[in-house]
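Quick heads-up: the structure tokens below are two forms of one chain, split into structure 1 and structure 2.
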Structure 1
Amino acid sequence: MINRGYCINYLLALMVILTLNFMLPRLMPGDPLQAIYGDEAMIAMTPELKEELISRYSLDLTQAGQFRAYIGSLLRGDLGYSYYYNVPVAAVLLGSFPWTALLVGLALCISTGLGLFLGIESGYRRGRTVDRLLLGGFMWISGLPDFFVGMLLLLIFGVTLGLVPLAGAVTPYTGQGWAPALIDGLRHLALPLASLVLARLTATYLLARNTMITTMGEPFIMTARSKGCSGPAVRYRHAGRNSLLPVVTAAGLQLSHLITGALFVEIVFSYPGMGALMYNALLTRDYPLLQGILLLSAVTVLTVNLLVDLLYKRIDPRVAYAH
């Protein structure tokens, strides 16, 4: 009953995205097939292939029929056919989604954990040197777009210092045991992960710090202190807990930034996730693949946000009462 409002919002959002996906190629001047596959592909296409594609995309039906066919094929897991890779889009996505999920998942955990920790410590020491340094530093970092952070890290640690590999996720043809392979993977992961974490840390940090400062003024903190609670206990068990709530909500909202950020950062590091795939799809004008990537990213964002909305009520029962 309570959840219905949330679910309707997300369903509507999904419909908006699906409709855009459906409408955009059909809004373009000329043949939708041309918009989907690009001019170059149209020249190379044989009439038989064209016929087959027209019936495949149901382009011979009315607009409403086409939309029904489009939704129907999506429900069957058919995202279209990648012209460049010559395999179904879903198969291409399956190969690169895990890399992005790994990157984004780790970045989300690390930036939330680290941001919470730094924010609580900084808010507790408000106005002292550590707090001032952290606050000032993060304010500057927050101005850097994530792909520029990535480039800076790449140029400093990869190009100038030569500490980490410049591109990719694994070194090919090493054929070693799992331990060197894991280290190799981590070395490739380090910079993309660091740039995502750096770019997203500020928001979590500021939020945790602000909540901490408000909470530190509350009477129950004085009670805790007068009971003789130790510093860490006051910081984490009494005050810090209150920062958890906004930070968890923000983590969900940040996921949409993280996913888009990952798309850009992957391009900088040629990390074989969906971002690098998207860049390639843009270069080769592989529109079915592009649509598939963006649809999958958007659906992931929507699902996670919905989950956060639901989780939020578990963490803060007041929200459930408020509805």
Structure 2
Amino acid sequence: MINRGYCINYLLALMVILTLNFMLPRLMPGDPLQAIYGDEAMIAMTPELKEELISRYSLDLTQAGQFRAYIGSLLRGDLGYSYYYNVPVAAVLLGSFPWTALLVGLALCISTGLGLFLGIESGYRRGRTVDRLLLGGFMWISGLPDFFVGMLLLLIFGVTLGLVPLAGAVTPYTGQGWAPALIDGLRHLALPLASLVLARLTATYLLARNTMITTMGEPFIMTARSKGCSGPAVRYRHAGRNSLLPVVTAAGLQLSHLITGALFVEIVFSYPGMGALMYNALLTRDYPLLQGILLLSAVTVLTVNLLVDLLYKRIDPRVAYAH
């Protein structure tokens, strides 16, 4: 169970997020109506029609009035109405969030699992050829941003070799069966997923490697070896389990960076997720849609961090007695 201090911290964080989520889109320059209907429509628009649209979009209220209306709508489960798409914000988010959740979720699981495995193996073989190759390769990859990695992969595997599609998440009319649709979806997902994994793998690898190196010098490792434990048992059951603790914590903190990176990667690959949605919302000054995207992302990060806190106590019960 999460104690009262954790609950208060998460509630305070949610309150700050709601306030920032409301204020930041309104600090952007430009007139929302002009962004929605364009310059020519604004010139031809009558004052009566303009007043009606302002009242319809609740732009006639003060900042405090808009904030009260915003909180009240959230309590009713209403995220607002999208200016640009002319549908409720929740309907727009439901069409894009699953694609981003799939991309970010797979990237987080693969980068954490693969980084932990490679970090344990590299730290156990410190100073050997495998360790030097892995360390040098990951240090080189860490200097490349995720969207640049995506552009390189797109040019190599998509344009030059033609092995994967260049854009989108599915190909229309791939077939009636589930197998062709699954294969097609995986081919579209391969490059965006590889971009995020490669860009985020280094941090997990270095953390697991450094923790492994420190753990290998602990007395309980010598005790395990003196009892005749095999190499894999010492590497994973004893030392690897201790290396898992900081990696789990870093995985929760890494989610926010993964979501940010996914927004840019989705634009590179024209992936129909939250990235393309946020890009269109920024161009059109669609305040309710921007608020919905930011709120959904923030709540997702808070929820994952809460789950990480719960999981951390299951992995290391000593944490429960530290509060």
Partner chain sequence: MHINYWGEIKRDSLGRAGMGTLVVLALLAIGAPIVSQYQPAEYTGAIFQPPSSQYWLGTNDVGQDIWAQLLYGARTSLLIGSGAALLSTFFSVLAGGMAAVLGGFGDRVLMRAVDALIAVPPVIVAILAAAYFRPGASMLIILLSAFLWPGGARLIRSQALSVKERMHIAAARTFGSSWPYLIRRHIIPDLGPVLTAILVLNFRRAVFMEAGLSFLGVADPTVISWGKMMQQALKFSYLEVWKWWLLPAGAALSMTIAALTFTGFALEKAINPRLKK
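What we label the rigid core is the largest C-alpha set whose atoms superpose within 1.5 Å from one form to the other. Reference numbering: structure 1, starting with residue 1. Everything numeric here is computed off the predicted structure, so don't read it as measured data.
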Only one is the form predicted together with its partner chain; which? 1
Does superposing the core leave residue 284 with a CA shift of 2 Å or more between structures 1 and 2? yes
With both forms fit on the core, has residue 66 moved 2 Å or more by CA between structures 1 and 2? yes
To one decimal place, what C-alpha displacement in Å is found for residue 50 between structures 1 and 2 with the rigid core superposed? 5.4
